[in-house]
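In what follows, one protein chain appears twice in different forms, each by itself as structure tokens: structure 1 and structure 2.
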Structure 1
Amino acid sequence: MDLGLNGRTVVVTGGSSGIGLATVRAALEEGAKVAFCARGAERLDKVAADLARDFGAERVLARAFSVLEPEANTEFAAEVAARFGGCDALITNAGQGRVSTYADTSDADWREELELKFFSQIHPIRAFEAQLRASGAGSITAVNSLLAYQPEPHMVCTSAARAGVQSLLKSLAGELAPQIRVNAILVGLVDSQQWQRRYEAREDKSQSRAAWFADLARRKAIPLGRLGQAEEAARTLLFLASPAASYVTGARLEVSGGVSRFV
């Protein structure tokens, strides 16, 4: 299926690794021009060089900054407009989880987590809103977590923040329509550097990677029997972000292997 992204501009936050990088690469494969950002300059520069080699430097723009800095987002948006003529699809992916219970989450931890989860959405959306309105097919697609609807006792702070973000996105879907569509994916367990580190720290060093991850999927009761891949989340993101999903807004699509328990 043609997603209709050829020649369009896609912006991805948190785009130097994991789901973000898989999304950047998939968008380039669809013929899009892609601008992406991340905090770590060294890794970002290497990734950008590899992508420029594979897809052409004229289609790749990478900048290192924190999406929690409003001025940096504004400057990035201006650069995207100058380089590519505007933004058609914004994919917000920055953010990570905090492992903590209610009892061991300090006030400072709460503030830090809520700021990260909310303003990693708010600042980029504010910066690119005018360009998305002018696109004629503008879309915002957020990477959110299944925790928004299915909180875990060891991730109380992150679960609460994720739920708030999902409410924000639903509100924006109404407020920004009809010029901008707003959707989200709800990610379950996805194979990542975090899980790789946990595998490397396993107690039984004789256990293979395949066996360790299969055991993890069993313990987590994932019906499909495995963790997801970043590319699987990326394909879902691009569909929702693209003109192929032109009548979809305010939606949430699970990418979880069926692990959710809510209806």
Structure 2
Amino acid sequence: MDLGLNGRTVVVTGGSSGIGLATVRAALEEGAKVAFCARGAERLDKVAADLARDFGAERVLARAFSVLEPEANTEFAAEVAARFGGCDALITNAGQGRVSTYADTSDADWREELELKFFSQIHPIRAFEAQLRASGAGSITAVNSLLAYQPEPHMVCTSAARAGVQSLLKSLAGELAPQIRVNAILVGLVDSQQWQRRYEAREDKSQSRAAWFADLARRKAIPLGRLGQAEEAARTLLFLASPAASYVTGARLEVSGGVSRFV
């Protein structure tokens, strides 16, 4: 199936690692021009140099900033327009989860988490809205979490924020139609830098990486028996973001190995 991304411009927030990086690579493999951001300049520049070598510098644009800075998003959007002539697909992926129970979460933690989850959508969407409207095939695809529908007691504020983001995306799918489609993937557990950090902080340092991840999959009772790969999330994201999904909006697609319990 041709996704119809050849020659189009895809923007990925949080593109220097994990799901975001896999999505940047997959979009380049489809023939798209790709702009992406992350906060840490060192890792971002290294990744951008590798991608420029593999796919050509003229198709790669990387900028270091936090999506929580509104002006930086606006400047990035202007640069994408100047360099690539506009944006066809925005993938809002930047972020991370917060592990804490209700008892452990201070008011400041709540504010920080709600700001991250909501404004990591709102700022980039506002910055790219005009370009997406003008595209003729505009799409926004968010990386959200299964926690939106299945809250976990050890991730109380992330779960609540994720549910709110799903609501926001549903509203946007109506308000931005018909020019811009808005969809989300719901990630379960995908092997990425986030899980690598948790593996490195494990209590039993004698446990190998493979054994630790296998144990995690067992404890979480993932029907497919393993964590997902970043590339598996990336392929789903790109499909929803692409003209191949031209009649899909306001939808959510699980990338979770079947671990959800809701219908």
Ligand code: NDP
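Just so it is clear, the model here is predicted, and its values are computed rather than measured. Rigid core (definition): largest C-alpha set, two forms, superposition within 1.5 Å. All residue numbers here refer to structure 1's sequence, counted from 1.
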In this pair, it is the form predicted on its own that is given as structure 1
TODO: Could you check whether the CA atom of residue 229 moves 2 Å or more between the two structures, using the rigid core for the fit?
DONE: no
**Request:** Using a rigid core alignment, state whether the CA of residue 29 is displaced by 2 Å or more between the two structures.
**Result:** no
- prompt: Core-aligned, does residue 200 move its Cα 2 Å or more between the two structures?
  reply: yes
